[in-house]
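One chain comes next, on its own, written as structure tokens: the form predicted alone.
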Amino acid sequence: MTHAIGITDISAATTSLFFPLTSLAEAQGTSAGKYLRGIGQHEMSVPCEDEDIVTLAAKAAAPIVERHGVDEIRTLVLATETGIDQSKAAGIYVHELLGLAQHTRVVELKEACYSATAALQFALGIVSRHPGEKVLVIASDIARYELDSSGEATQGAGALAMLVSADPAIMTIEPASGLFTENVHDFWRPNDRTTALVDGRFSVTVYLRAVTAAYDDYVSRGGAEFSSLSRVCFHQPFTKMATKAMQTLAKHAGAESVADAVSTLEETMIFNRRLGNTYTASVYMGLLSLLENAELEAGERVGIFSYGSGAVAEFFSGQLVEGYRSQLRPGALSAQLEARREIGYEEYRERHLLADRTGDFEARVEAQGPFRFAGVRDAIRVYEKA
């Protein structure tokens, strides 16, 4: 018997602090419109001392585990470009915090902002072989750039978890998928750096090239024509990037109205404007934002474009399942966004520099979530339940 496979649950988390881009603009002596309108960003989530990609990942996934239990989850895939160890997967810490069974495979995937899509495809393959199993896919990242750099305004933090299963309750992922890979240096982070190097203009150029190339490959593999996509979710390093991408794709695909196509993006941008760039989670934050804020019907097809600098991209689609809205947790992420404490420019800079410390240390108790990073003891990262 052939089963539909896709997303059966979805949940997200962010940090306990935020820094408004109006404050960044004021400190820099520039117009706030440079950020609010120019790149479409309003705020960036900032981690406390005791928050990192592990605590965010566990926080995002906890509601899924609470709802579905752990018995059928035999795989956890954590996608991140904010790795905490060159060898050990961050997901192993998440596995322990969530109380998953010992007979679980755990792995970490990396390819800039794309790897959550690789994790999703990995999960689809596992479930196709073993329809009784479920796979927990988590994307968790903290985007950091050098202070006073061109990328500073596009920082952010967050995590998103998806439970992949047969007979999904939210979205069936369709088999066609379009791919693109090109060896470029638009964004990368060498081992000796804690912040990324980026060529912003070049990255936009590569991103837009990848959109059309991946879409064309998707269609050639049996994917749907542009006109049958009700909405499209794009990776959003900043929300205006989605606008540029839709303009390029709609024109390339021969849409009747490029402006009408762009107008369908609004519901995908609501969360990302306030979170900032969440790297691997970004495109799926857009999907969650769409699911919660748009009035869509079962059977509608949603396109998803995932991009990771360096560069790898993928275009695929899914169809919404009858009753999908009943599986959501409307307002859950919005409540977290509202609960964050606003910080000023000086505190923001102090916390940014503090993140570069090395060696053993104790982290202050600050986070609002159910899990915390307690610090480093004898070169071992320590995590606790709050």
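For every residue, the number given is its place in the sequence shown, counted from 1. Here the structure is a predicted model, which means the values were calculated and not measured.
Another form exists, predicted in complex with a small molecule; not displayed. Remarks below refer to it.
Asker: Which one, 101-109, 118-126, 306-314, 220-228, holds residues whose non-hydrogen atoms are within 4.5 Å of the small molecule in the predicted complex?
Answerer: Going by heavy atoms within 4.5 Å, the stretch is 306-314.
Asker: Going by a heavy atom distance of 4.5 Å, is residue 198 a contact of the small molecule in the predicted complex?
Answerer: Output for residue 198 is yes: heavy atoms within 4.5 Å of the small molecule.
Asker: I'd like to check something about residue 250: if you look in the predicted complex, is any of its heavy atoms closer than or equal to 4.5 Å to a heavy atom of the small molecule?
Answerer: Output for residue 250 is no: heavy atoms all beyond 4.5 Å of the small molecule.
Asker: Could you confirm whether residue 296 comes within 4.5 Å of the small molecule in the predicted complex, counting heavy atoms only?
Answerer: Answer no; every heavy atom of residue 296 is more than 4.5 Å from the small molecule in the predicted complex.
Asker: Is there a heavy atom of residue 33 lying 4.5 Å or less from a heavy atom of the small molecule in the predicted complex?
Answerer: Flag for residue 33 set to yes.
Asker: Only one of 349, 37, 357, 325 gets a heavy atom within 4.5 Å of the small molecule in the predicted complex. Which one?
Answerer: None of the others qualify; the residue that does is 37.
Asker: To verify the annotation, which of these, 204, 213, 262, 184, has a non-hydrogen atom within 4.5 Å of the small molecule in the predicted complex?
Answerer: Looking at 204, 213, 262, 184 one by one, just 204 meets the 4.5 Å heavy-atom criterion.
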